[in-house]
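In the block that follows, a single chain appears as structure tokens, in the form predicted alone.
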Amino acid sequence: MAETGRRRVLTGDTPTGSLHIGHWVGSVKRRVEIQETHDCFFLVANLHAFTTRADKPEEIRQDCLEVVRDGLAMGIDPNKAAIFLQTEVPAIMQLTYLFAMLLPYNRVMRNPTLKDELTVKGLEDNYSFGFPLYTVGQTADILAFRAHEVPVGEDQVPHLELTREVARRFNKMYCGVPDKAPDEDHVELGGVFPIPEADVGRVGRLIGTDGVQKMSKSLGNAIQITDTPKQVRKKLGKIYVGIDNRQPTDPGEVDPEKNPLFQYVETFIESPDEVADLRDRYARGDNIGDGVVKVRVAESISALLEPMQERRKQYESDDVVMDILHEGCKKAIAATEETLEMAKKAASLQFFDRTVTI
């Protein structure tokens, strides 16, 4: 890999279907911004999808194409960022196995995001060994690229902290980095891995249209980027604002933490003056009901989606998407093979040189 002098970024999505506006505000918008200034690798985590849907391989395969299509529609530029499939990058699997030796099982299971997923997905004690293992795999996803920054939603920050622990432990155990070394000095002191930093989107966690859970297609509370204006209005109409039978003349709650409708106002209405006006009138009960606010938010969301939907038409062909993935995978393999060679040498696991092609 040619050195560009730019900081490197790794982030991605598990293919569970189409992307939605929660993905946009939580991570993808940031990806579109930083692809101009960083070396970006965007992962389609198709192996992670098998943790809960191993019996649906064809469905996962199609979801991979849809996720890429949506990312491109949102503004990811394949000429500026490498979009690739996790399963086509063998270094990730090898590093996952190695990193699993550096993490106590109890530490993995204490991950609050993992616990939340088990609850939300109703898995409880009925999950595969691969489900907690995927949290270790996420550390390999990131560290295989020696990423400096990881654009994530708020709920993914605990995963990143686990990654930071693995990087520190590896650098100290196998590279001689001193115990008290500051994170920013690890590479300079001989460490293989930079200690990556979280880059949390402006909206770390967008509430779904049920007004309770984080937006998720699987929970049926998401606005997809392919939704028509009519569908957007219908979905927003379901948002519960916490007050039954509120009248336009009744004062209302405008704290986004308590009223999900105003999280949408502050997230999707671009004009600060308009946001301030809606907050003021709604708080005073100045003849403005929930319906008025929902319609205005729906208009803003549809205006955001329109260019995405138009751009998406360029990528309707599976062949076009596959060509983009092929090029992205070649770049990802080159970057991660370099990392794997460094890691294997540090851990005395390097016996022969190898070349991986696609």
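Keep in mind that what you see is a predicted model, and the values were worked out from it rather than measured. The numbering used is simple: start at 1 and walk along the sequence shown.
The form predicted in complex with a small molecule exists for this protein as well; it is not shown, and the discussion that follows is about that form.
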Subject >> Selected contact from 150, 206, 83, 167, since only one has a non-hydrogen atom within 4.5 angstroms of the small molecule in the predicted bound form >> reply: 150
Original post:
Do residue 337 and the small molecule come within 4.5 Å of each other in the predicted bound form, heavy atoms counted?
Top reply: no
Original post:
Would residue 22 count as touching the small molecule in the predicted bound form under a 4.5 Å heavy atom rule?
Top reply: no
Original post:
Does any heavy atom of residue 343 come within 4.5 Å of a heavy atom of the small molecule in the predicted bound form?
Top reply: no
Original post:
Contact between residue 43 and the small molecule in the predicted bound form at 4.5 Å, heavy atoms?
Top reply: yes
**OP:** Run the contact test on 223, 235 and 300 with a 4.5 Å heavy atom cut-off to the small molecule in the predicted bound form and return yes or no.
**Re:** no
**OP:** Considering the small molecule in the predicted bound form, find the one stretch among 190 to 198, 227 to 235, 168 to 176, 137 to 145 with heavy atoms no farther than 4.5 Å from it.
**Re:** 137 to 145
